[in-house]
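Okay, so here's just one chain, in C-alpha cells, the form predicted on its own.
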Amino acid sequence: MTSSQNSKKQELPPTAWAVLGLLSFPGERTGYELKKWADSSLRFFYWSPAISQIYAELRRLEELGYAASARSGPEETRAKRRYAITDAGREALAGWAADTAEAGPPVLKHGLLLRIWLGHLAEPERLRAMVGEHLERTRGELAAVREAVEHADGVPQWSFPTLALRWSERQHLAELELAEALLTDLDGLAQNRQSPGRQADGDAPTPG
C-alpha cells in the first residue's frame, strides 16, 4: 500500500467501514442489495447510509484496493455491478473492528427529549401527543427488528448480526418502557402545576 493509500485508510469515515462490513459477509452484492441489507440490519442499532453514500464509499474502497467489482454481464448495456471485499479489505476491516479506542461511547441524540426539555414552550397535551407518536413509531420499529431477527436467526453466517439485532430488540423494549414512564412524569408535572397555592415560577438557576 502506498503512503497515499495509507493516509486515505486513516481518514476513512464510519460509513466506509460500515459498507466494507456489509461486503464482509459471504457473497457478492450490488449497491442496491447493500442498501437493503443495511436497512434490515444496521439501521436498528447504528444508521443506514443513503444509497448515494453507499456508492460513493464503494468507489473509495475500490480505489484503496479494499473492494473489487465486476459487471454481471459485460455485454449488457445496463448490467449490474456487483461488489466483493478483497483480502486487503478484510484485513483492514478486522483491524478496525478490533480497535476499541475507535468505538467510543454511544451518542444519544433524542429528538423527542430535546422537545420535552423545551416543554415550557409547548402545550401539555401536545407534549403527550408527541410521546404517543413516539410510542407508535417505536412499536413499529420493534416489529421490524423482530422480523429481521426471524429472518437472520438460524443462518450461521449471520450469527453475530443476530446478536446485534437481539440487542436492538431489547433496546426498543426499554424505549417503550421509558416513554410510558415519561407519560406518567408529564401527568405528575401537570398535577403539580394545578395544585392550589403553587407559587409562580421564578428565574431558573443555571446548572453549575
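All of these numbers come straight from a predicted model, not from anything done at the bench. Note that residue numbering begins at 1 and tracks the sequence as displayed.
Keep in mind that the form predicted together with the DNA is not shown, yet the notes after this line are about it.
### Query
Heavy atom to heavy atom, is residue 40 within 4.5 Å of the DNA in the predicted bound form?
Output for residue 40 is no: heavy atoms all beyond 4.5 Å of the DNA.
### Query
Heavy atoms within 4.5 Å of the DNA in the predicted bound form: does residue 55 have any?
The answer is yes: residue 55 has a heavy atom within 4.5 Å of the DNA.
### Message
When the contact criterion is heavy atoms within 4.5 Å, does residue 172 count as touching the DNA in the predicted bound form?
### Response
Although the DNA is absent here, residue 172 would stay clear of it in the predicted bound form, with no heavy atoms inside 4.5 Å.
### Message
in the predicted bound form, is there a heavy atom of the DNA that lies within 4.5 Å of any heavy atom of residue 126, even though the partner is absent here?
### Response
Residue 126 lies outside the contact set for the DNA.
### Options 118-126, 134-142, 93-101, 80-88; stretch whose heavy atom lies within 4.5 Å of the DNA in the predicted bound form
That would be 80-88.
### Query
Can all three of 147, 157 and 160 be found with a heavy atom no more than 4.5 Å from the DNA in the predicted bound form?
Result no, not one residue of the spot touches the DNA.
### Task
Check each residue of 109-140 against the DNA in the predicted bound form and list those with a heavy atom within 4.5 Å, in sequence order.
Stretch hits: a single one, 109.
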